[in-house]
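A single chain, nothing else alongside it, follows as structure tokens in the form predicted on its own.
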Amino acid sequence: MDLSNRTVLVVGGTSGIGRELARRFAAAGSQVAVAGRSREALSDLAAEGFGTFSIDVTDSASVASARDAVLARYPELDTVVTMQGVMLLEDLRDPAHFEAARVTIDTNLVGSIRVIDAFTPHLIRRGAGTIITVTSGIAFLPFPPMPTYAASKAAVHAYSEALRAQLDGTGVGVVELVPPAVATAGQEKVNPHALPLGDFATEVMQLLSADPTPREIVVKAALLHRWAERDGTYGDLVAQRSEALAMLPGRAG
């Protein structure tokens, strides 16, 4: 993928990985817009020179409104990144976890589908473009304290595979980004071994720039997760990660 002359929309790009990737695309020479919910973050990004748009991916009307605004300003849009997501702890022994599960699915999975549906017709009409979905190493190696997060990202992986097959021949490609734990706000406390954000973004941009563009962007730190079943390490790693259930209230000790 030529990163120097694209028109990119990063949905969920107001913080963390999304914001860093937006900055990296811009630094490479692409025109970049960011969509998200935080007015303060959008204002800060606008001051950096990004096009900014308000969007709530859990609201179909908001997604449609954002799409119309984006395409009016950027009719040559050729790359859409669905970066939005929430990570919530859940204790499955407590039925009250259901609300966290609902929010997670609506944001991570259904929100991604809403965004993809909104922009796919435009990309098909162009006859060229790229949709970048974002899953997680947790899609392939669950983190037991966040069961619905894992399920939602596994679903986005499967959806990406089907989307790629259905768009074959249209000129629109589908690339799946598979991050490991990355040291964004709050992650340092949860996982001191999280990959530094700058290192992650550098490796992602290097992988994206390959020709042909890989179907999956898996940095070295995520390979352990992505191929755990193939490598026969899955069971041991899930058991090891289950120790983190002590994070849940009432589970310590």
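Start at 1 and count along the sequence shown; that's the residue number. As the structure is a prediction and not an experimental result, all values here were calculated from the model.
Only in words, not in the display: the form predicted in complex with a small molecule, which the text now covers.
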One stretch from 68-76, 116-124, 164-172, 86-94 that, in the predicted bound form, holds residues within 4.5 Å of the small molecule by heavy atom:
86-94
Between the options 148, 107, 160, 130, which residue brings a heavy atom to within 4.5 Å of the small molecule in the predicted bound form?
107
Select from the listed residues 209, 184, 202, 60 the one whose heavy atoms reach within 4.5 Å of the small molecule in the predicted bound form.
184
7, 43 and 80 - do all three of these have some heavy atom no more than 4.5 Å from the small molecule in the predicted bound form?
no
How about residue 32 - does it come within 4.5 Å of the small molecule in the predicted bound form, if we only consider non-hydrogen atoms?
no
Contact test in the predicted bound form: residue 215 vs the small molecule, heavy atoms, 4.5 Å:
no
Is there a non-hydrogen atom of residue 180 within 4.5 angstroms of a non-hydrogen atom of the small molecule in the predicted bound form?
yes
Heavy atom to heavy atom, is residue 15 within 4.5 Å of the small molecule in the predicted bound form?
yes
